[in-house]
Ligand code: AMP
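Only one chain is given next, in structure tokens, and it is the form predicted alone.
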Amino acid sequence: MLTVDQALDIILRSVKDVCHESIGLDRACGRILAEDVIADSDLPPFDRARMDGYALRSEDTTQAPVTLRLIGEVAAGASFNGSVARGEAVKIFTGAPVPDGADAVQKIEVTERDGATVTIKEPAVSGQFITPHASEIRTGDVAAARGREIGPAEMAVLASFGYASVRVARMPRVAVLSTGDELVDVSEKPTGAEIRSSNGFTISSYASRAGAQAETLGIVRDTLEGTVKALETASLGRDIVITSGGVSMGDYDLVKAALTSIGAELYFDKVSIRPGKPTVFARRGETYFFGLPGNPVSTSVTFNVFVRPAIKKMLGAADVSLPAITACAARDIKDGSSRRSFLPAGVFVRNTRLMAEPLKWGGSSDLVAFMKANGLIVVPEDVHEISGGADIQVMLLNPF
């Protein structure tokens, strides 16, 4: 049986990047850069004031308080024609270019203006409250590297360097299927042993969050013919097909047989992971198939451990796995499995320390408990007990 690392390595070696496209900047947030963003100008393009106050020569303020003669003012977007000489000052506003001759800005709070003069009450030092020319970036430098996700801060960078359009990775097309005769639509009231179908919404939401264009195709009943047809239909024009359920060893677990029937190459059908051992990965042509276990927590764990990295790899993302942090175990952790375990956990800060505590949950079907988790505590293979206070690895599901 493959380890988690071995299975993930197979996935990442198999999956190829999707193609690229150019889109308008107004649609770029959340996408992955497919090109380096190059600065077309120095930033700042001049010595820039960081405070409202007075631009002056620092040597004139050594014996502060001192009174200087005002020779003008400069606002953001304007410039000052002239130079600051000994005993002179220019009123300046945040973001404005520092006039020639001045080497410091004294903030307005420690000054007092009187008509054509200003009293500087505290000494200024050279460079004070000035952002030097090109100190942020120089023309031709890489401002944001290919593979970086475009967030609000990256949007500002793109706009600042004239990227009205930008090359990004095309969003992978993902189809989601839920298998099982026990499933009914979310709008129906279950009877007997029936349950509402929820995994499709979970998977498509995770896939969308990872950067894919996901579509939920509904419920597949437990027949080989129906499963084969559903997989073939779902694979048309799609990069990834994800199923939940139907991957164990029971008579009605038909996903593996259906994948074989459509000519898919099966890379693996079980992994040494808890929860989620019967995870399937296969490929046919340019379409990849993930068969995830049907229990909701198993579905969520295996998606985040295996499918999310595949989507991110297709996008050319620099980081494909969930963010991992080191936290302090909030209490003793006991785990009887020899497999690598991913335990739903609450991550929080206590007395400036980052803590993680396993949630009380009733197993891999306890979706209500899992909803409260913002992280997964990673318990290595054959580790059965971790003492409270020990350092542990946690994969973050959500910000905390």
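Because the structure is predicted, anything quoted here is derived from the model rather than measured. All residue numbers are counted from 1 along the displayed sequence.
Although it is not shown, the form predicted in complex with the named molecule is what the next lines describe.
- Taking the partner from the other structure, the named molecule in the predicted bound form has no heavy atom within 4.5 Å of any heavy atom of Arg284.
- Although the partner is absent from this view, Arg148 stays clear of the named molecule in the predicted bound form, with no non-hydrogen atom inside 4.5 angstroms.
- Remark: Asn304 does not count among the residues lining the named molecule in the predicted bound form, judged by a heavy atom distance of 4.5 Å or less.
- Within 4.5 Å of some heavy atom of the named molecule in the predicted bound form lies at least one heavy atom of Asp253.
- Contact with the named molecule in the predicted bound form, defined as a heavy atom within 4.5 Å, is made by all three of Leu183, Ser197 and Pro293.
- With the partner removed from view, the residue among Ser244, Gln106, Thr227, Thr279 that has a non-hydrogen atom within 4.5 Å of the named molecule in the predicted bound form turns out to be Ser244.
- This chain is drawn without the named molecule; in the predicted bound form, the residue among Ser235, Thr111, Ser178, Ser204 with a heavy atom within 4.5 Å of it is Ser178.
- The stretch in contact with the named molecule in the predicted bound form, judged by heavy atoms within 4.5 Å, is 188-196, chosen from 188-196, 125-133, 312-320, 257-265.
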